[in-house]
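Just the one chain here, the form predicted on its own, laid out as structure tokens.
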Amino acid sequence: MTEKLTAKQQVQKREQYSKWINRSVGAGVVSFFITMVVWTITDQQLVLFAGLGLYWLGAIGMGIGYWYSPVALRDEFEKHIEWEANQAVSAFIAAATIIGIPADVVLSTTGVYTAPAAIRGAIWGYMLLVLIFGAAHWYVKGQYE
């Protein structure tokens, strides 16, 4: 991090390390799904453990890419894109929680409709996510006051 890089070199390094990170994650995820298919066919646990190992190697490769990058890997535009995506996901989670939980409680209590366990689990999982976000927000805000 002590070396001075020109603007062009910074962009090249950013692209180089971003490729490394994306390829590491991609290879880990793809290899895990491939081994899941092979495991489903062969029912060999060793295949499943090998896939999990390859997945974690991809995660370690991603961490190494972030750790050793001499430049920031996200520029302002990418940060803005992430912020907009975060807003969209947060709005979806809020809507699903605000509408889903009361609907689940009322409909199942009255016997009109009982949601499948997967849907009910997802809605209540969103509620847990909202609570975790709220706690994290409260904690971080407290550090700046």
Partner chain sequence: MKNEIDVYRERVGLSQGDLATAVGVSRQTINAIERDRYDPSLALAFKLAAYFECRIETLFDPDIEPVGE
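Quick caveat, the model's predicted, so the values are computed rather than measured. Positions refer to the first chain, counted from 1.
If you look for the form predicted together with its partner chain, you will not find it shown, but the lines that follow are about it.
Of the candidates Leu129, Ala135, Ala122, Val11, Val11 is the one whose heavy atoms come within 4.5 Å of its partner chain in the predicted bound form; the others do not. Segments offered: 74 to 82, 32 to 40, 47 to 55, 102 to 110. Contacting its partner chain in the predicted bound form at heavy atom distances within 4.5 Å is 74 to 82. Put simply, Ala7 is close to its partner chain in the predicted bound form: some heavy atom of it is within 4.5 Å.
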